[in-house]
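Below you'll find only one chain, the form predicted on its own, shown as C-alpha cells.
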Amino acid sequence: MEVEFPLSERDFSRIRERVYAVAGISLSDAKRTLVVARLSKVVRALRLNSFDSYLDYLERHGTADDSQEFVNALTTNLTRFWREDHHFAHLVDYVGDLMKARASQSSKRLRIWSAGCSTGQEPYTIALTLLSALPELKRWDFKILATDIDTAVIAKAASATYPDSELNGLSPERTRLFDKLSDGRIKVPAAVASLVSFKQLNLMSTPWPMKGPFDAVFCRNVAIYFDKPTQAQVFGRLGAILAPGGFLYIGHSENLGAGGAGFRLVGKTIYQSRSERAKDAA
C-alpha cells in the first residue's frame, strides 16, 4: 500500500498559494483529501519525504516541467461527448445563421475556441456536430482552437482515440460519427480531428498568444476553480476576444458575476457579446 504524506496547515497554505499564483485555482478546505492523494504520488516519485520538502524543491530547484506536473496533479478533468447538449443545439442554429450572413463574403471564416478542453471531447463534439448538421462547412475556413493548462490531457486529446465506453448513452446517429478500431476503441475521423488544434494555455497568462476574434467560446466548468475576482478577469478577457455578437458557453453551475458587463444572457448558460467594435482577425 502506498503511503500518503501528512498535510500540515503550513503545507496546505503553501500549496494553495502556489497553485493560485500559477494557475488562478482557488483550493478550498474541502480539497485537502484530493491534494494529499494527488501530490503524494509526485512526492514519492521525486524520492522526497514530505510536502514541505517538495515545496522547498519546487521553489529552489524545480524546473518548468516540475511546475507543470504540480499543476497537472491538482486539476480535475471530467468530461464527455455532447455534455450539456443544449449548447450544441444552439451552436448549430447560430452557425447556420452566420453561414447565411457570410455567404456573399469571399473569405468564409469560422473560429471557435474550447478553453479548458480537457481530454478533447468538447472540441471534437463541436466539430462532429457542426459538420454533421452543416456539411457546407467542409468548404469553409473553419478551425477550432482547444486549450488546457494540463499538458497530460492535451496529449491524450490530440490522439483523438477513446475507449468505446465513451459511446454509452449516445444515440445510434452519433455513434456512427466515429471510426471503430479493431482493438475495440473509437477514433474521431481524421477529417474532423484535423479541424482542431490543441495547445497548452494557462488562462492566467498575459497576454494570450491568440488575438481572435472567435465566433464562439466554450469555457465550461473552468471558472468553478477560480475565486470571484479571477472569474471576473477571465470572463472579461473572453468578452474582449469574441467577435461582435459572438457567444460564450459556460458550465451549468457557473455565472459571469462581475465579468458579465459585456454580455447579455440569451439562454441557459449561454451569453452573447454586446460588443459592436471590429476586431482584428487571427
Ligand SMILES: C[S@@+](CC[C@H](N)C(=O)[O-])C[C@H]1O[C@@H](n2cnc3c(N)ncnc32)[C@H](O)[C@@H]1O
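For every residue, the number given is its place in the sequence shown, counted from 1. All figures in this text were calculated on a predicted structure; none of them were measured in a lab.
Note that the form predicted together with the named molecule isn't included here; everything after this is about it.
Taking non-hydrogen atoms only, residue 83 approaches the named molecule to within 4.5 angstroms in the model of the complex. Within this chain, residue 79 lines the site of the named molecule in the model of the complex, having a heavy atom no more than 4.5 Å away. Contact annotation: residue 247 falls outside 4.5 Å of the named molecule in the model of the complex, judged by heavy atom distances. By the criterion of a heavy atom within 4.5 Å, residue 212 is excluded from the residues contacting the named molecule in the model of the complex. For the named molecule in the model of the complex, the listed stretch (70-78, 163-171, 136-144, 177-185) containing residues with heavy atoms inside 4.5 Å is 70-78. None of 203, 95, 128, 196 but one reaches within 4.5 angstroms of the named molecule in the model of the complex through a heavy atom, and that residue is 203.
Of the residues in 7-24, only 23 comes within 4.5 Å of the named molecule in the model of the complex through at least one heavy atom.
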